[in-house]
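Next come structure tokens for two forms of one protein chain, structure 1 first, structure 2 second.
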Structure 1
Amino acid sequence: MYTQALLALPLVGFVVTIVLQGTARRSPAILKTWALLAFVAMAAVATLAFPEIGDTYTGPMVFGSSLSIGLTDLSWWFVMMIAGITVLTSFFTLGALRDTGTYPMYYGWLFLKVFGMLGLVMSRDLLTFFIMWEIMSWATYFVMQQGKEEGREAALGYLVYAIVAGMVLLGGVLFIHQSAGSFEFAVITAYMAKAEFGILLASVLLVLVPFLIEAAVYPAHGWLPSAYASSETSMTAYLSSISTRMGLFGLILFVFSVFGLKAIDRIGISAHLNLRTILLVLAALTAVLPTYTALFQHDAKRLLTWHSIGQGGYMLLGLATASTLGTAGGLMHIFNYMTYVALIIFSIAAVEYRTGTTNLNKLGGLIVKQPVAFLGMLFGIIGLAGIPPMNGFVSKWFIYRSLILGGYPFIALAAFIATVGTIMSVYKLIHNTFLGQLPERYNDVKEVGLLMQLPIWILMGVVFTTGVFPGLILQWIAKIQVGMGIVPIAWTLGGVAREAGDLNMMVVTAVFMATFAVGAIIFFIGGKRRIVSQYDNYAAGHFLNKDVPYNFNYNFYSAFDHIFEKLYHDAPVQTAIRNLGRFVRMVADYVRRFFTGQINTYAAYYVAAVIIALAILKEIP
């Protein structure tokens, strides 16, 4: 009952938003409030649908098989994540989106996208899955189109990738239907368990490749940064936090449930050299390379979108180990990343709301003006860098431990190299935005209003709470792991049970709080202190004032820049993606010229075509 309502709600929202569209320019509040209420209702229905986990509902018949939806532990978890982040984003847009008129159909396409994503995670057969996949991809394209002018070209780049992914997936769906004779997941699982190797390999590849493209796994990651970074900032948060993970959802669903891990592991030479090894290597590359590209970005949003790719690599790393710890880490990282990246981008949006820029070379010193946004970003970057006590650490701990004990030392090293890169780039992010010298032009900047602060505070709470009590998330993950056919993790509220390793975040956090208090005591034992002006600063005797720029933020990591100059300054992948967008436009432009709209041109085409056809036919004996 609630399951169908859950899927119907965004669709209703989409239709109503189109109807309400006329009011957007005059009184945007109507549309905003409607969107928020609809999404809250959706979240409520999603919660109510909890008892329906395990049921399947069939819909209309298509191609001789009925479309079916239903909730599993895995999909309910994803539904809750989607619902939660959608509510937070729409709440944030109440304050952040100044003028919905400039973003026609912002909420409309968001509703459609949510519909596609919910349908995707709730689909119980291959055909529904494909249909929802296509709806989601197109909605994502339209969502990206809402952004700035330069975003249009980037969105076109995404579209090319999405169409390729969609076509390959269609091929995969048809191929599996052809060989297994059904769209039903259960039938496919049974068939694949004893399918011929060739058929298995073809179906797995045809299905996995689109997922890897959608999950922006190296080397198919290039579409993401420009497309996400040039969207509206709150939408960047939404896209980065959950949208990219749909590819990963497909991967989890198909690898662990539909095909089954046994079938997947048949593809390969030995236990240490199989399809999962390839996935591990791809994941390691995804974790390392984009993270180090992020180091050299000058735009806060762009920097974070590169991390969206890189952190996706961690998730895939965990999942590809297919061990208890690894999958727990991978699944948990999906949730963790969602929370802290949304938090960071909301903070950036708060800064952008007041200063009008996200350029890291122009900002600085805003900590005194926007302390809440600073705190939000601080919590977020501690999570992103994976430092205790925030939640990002716990999932990384799982992934490291599974890699080290699973016998993948160099993959584990790659993961750590990526972590170092993450720490470097997030420090650059927070330093160039909030620390350093405050430029004179930002003297009048104020904190954002309570409407925008509230999502930041909520996410800060989530990031911290799930970091200290990872058991809150792990209890769900254990359930999901059972459904995936993996031994569930032995969790405790503070981490894992003794037999699974040494981790208790509650103790770590408690000790940290105690030692922090010791630090505070030492601090207050020392004499009084006075806060001075930022211009009262050591400059070797030079007198500082507002006319003397005395800040370090340009070319922040100069030694790296020095070493990797060639690699980064040419940025081959990015150039290629831009060129791809241009190429599509160029081809389309040429195609357009054929259609002149004059009847004699078309007549000429017809005559030419007939002549060519005749000439060819003549050649054929």
Structure 2
Amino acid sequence: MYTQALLALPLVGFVVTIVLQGTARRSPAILKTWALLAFVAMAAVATLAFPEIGDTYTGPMVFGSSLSIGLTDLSWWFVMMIAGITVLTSFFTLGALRDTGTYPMYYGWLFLKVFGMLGLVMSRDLLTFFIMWEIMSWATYFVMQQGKEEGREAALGYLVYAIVAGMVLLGGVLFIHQSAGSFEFAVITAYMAKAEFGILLASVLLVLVPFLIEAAVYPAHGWLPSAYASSETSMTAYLSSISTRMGLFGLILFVFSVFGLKAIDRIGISAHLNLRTILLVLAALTAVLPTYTALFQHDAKRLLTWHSIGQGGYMLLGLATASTLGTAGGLMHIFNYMTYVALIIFSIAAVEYRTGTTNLNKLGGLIVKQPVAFLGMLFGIIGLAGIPPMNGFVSKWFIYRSLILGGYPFIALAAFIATVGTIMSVYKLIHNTFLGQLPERYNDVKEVGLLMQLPIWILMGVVFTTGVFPGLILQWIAKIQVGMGIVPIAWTLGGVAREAGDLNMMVVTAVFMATFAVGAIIFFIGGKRRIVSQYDNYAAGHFLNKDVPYNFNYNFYSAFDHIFEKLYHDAPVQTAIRNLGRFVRMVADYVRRFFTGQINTYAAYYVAAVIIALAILKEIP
């Protein structure tokens, strides 16, 4: 009952939003309030659906097969993440989305996207999965189109990748159905366990490649930065936090359940060179290369979207180990990243709301004007960098340890190198936004209202609490691992038991708190400080004034730019993508000439098509 209602609510929301469009232009608050109430109801229904885990519900017949949905431990985990971040995003936009006229169908397409994602994770057969995948993909494209011209152009880049992924997945669906004789997951699992190697290989590649594209795994990652960064900022937070992880959900579902890990491990030359090894290498490249590309971004949103790719590499690293610690780390990192990237981008959105820009070269010193946004970003970047006591440290610790114990020292080294790049880039982010010299044009800037502050405070609490008490999350991850055929992690409230690594985040946090306490005592018993204006200062004997930009802000890390520019400007993959884009544009410009807009031309086309069709049919015996 609740499972079916969970799908019905966003679909009803989409229809009602269309009906309310006329009213919304006169009174945007009506549409915003409706969306928030509908998403809160959806989250409540998702919670109530918990007892229905394990049940399957059959829907209408399509192509002779019944569509079916149901909840598993894994799907309920994703349902709750989707519902939670949707509610927070909707609440944040109550204050952040000033002009719904600029984003006329923002909530409508968001409802449809949520419908697609929920249907995707609750699918219990291959046909339902594909239909929901396409609904999700097209809704994502229309969501990205809302807003400025830049967003509409970037959405086309996503659409190209989405169409390619969809067509490949369709080929996989048809091939598997032709081979196994059914769309049902259980039948496919039984068939793949005994399938010939060629059939297994073709099935796995046709299905996994679209997931890797959706997850923006290197080298199929080029679509993400522009597409996400060009969207409205609260939508950037939403897309970065949960949308891209639908590809990882598909990978988890098919690798560990539909195909099965034993069947997957048959694909390879040896135990050391197989499909999972290839996934580990791709994951390592995904973690390292986009992370260091983020160093040289001068827009806060674009910097975070590159990290959205890099952090997905960590998730895939953990999952590809197929070990207890690794899969726990990968699954937990999906949740952790969702919380702290949304927190960071909400903080960026708060800054943009007051300053009108996300350009890191034009910001600085805003800590005195927007302390809540500063705290939100501080908590978020500590989690992103994988530093205790925030939750990002726990999942990364699991991933590092699983790689070392699993015999992948060079892959582990790549993960460590990626972390160094993460720390460097998030320092740039917070430094250029909040620290140093405050430009005079921001003297009148103030903190955002409570409607926009509340999601920031909530996410700060989640990032910190699940970092200190990771057992709150690990207890559910252990259940998911059982369904994946993985030995469940021996969790404790503070982390993991001694036999699994002996991590107790309550002790780690206590040590950190004690260190901060000692520092605070030294600070307060020291000499009294005197707060002076930023211009009551001098350097090299000269007084500084507003005309002297004495804060090193512009082109941060420019000293490293010449070292890495080949990596992100002239990389073979990027060059190939640009050349492909030029070719597609050239072909499209040529084909466009055939569409003249004249009825006589189209009539001639129709007559020619009929003549050709008759000639062909005549030759067919």
Partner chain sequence: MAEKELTQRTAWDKVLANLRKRSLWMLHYCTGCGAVELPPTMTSRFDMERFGIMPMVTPRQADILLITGYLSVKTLKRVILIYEQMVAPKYVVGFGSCTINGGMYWNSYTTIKALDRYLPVEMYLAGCMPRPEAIISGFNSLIDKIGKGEANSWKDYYENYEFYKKNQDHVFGDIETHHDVPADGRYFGILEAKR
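Here, rigid core means the biggest group of C-alpha atoms that superpose within 1.5 Å across both forms. Numbers given to residues start at 1 and step along the sequence of structure 1. All values derive from a computational prediction rather than experimental measurement.
*Label of the structure corresponding to the form predicted on its own*: Of the two forms shown, it is structure 2 that corresponds to the form predicted on its own, while structure 1 does not.
*Fitting the rigid core first, would the Cα of Glu196 be found 2 Å or more away between the two structures?*
Where the cores coincide, Glu196 shows only a C-alpha shift between the two structures that is less than 2 Å.
*Val15: CA shift of at least 2 Å between the two structures after core fit?*
It does not, since the Val15 C-alpha is displaced less than 2 Å between the two structures after the core fit.
*When the two forms are laid on each other by their rigid core, does Asp536 show a Cα shift of 2 Å or more between the two structures?*
It does shift by 2 Å or more.
_Once both forms are fitted on the core, what is the Cα shift for Ile611 between the two structures in Å?_
Displacement of the alpha carbon, after core fit: 10.2 Å.
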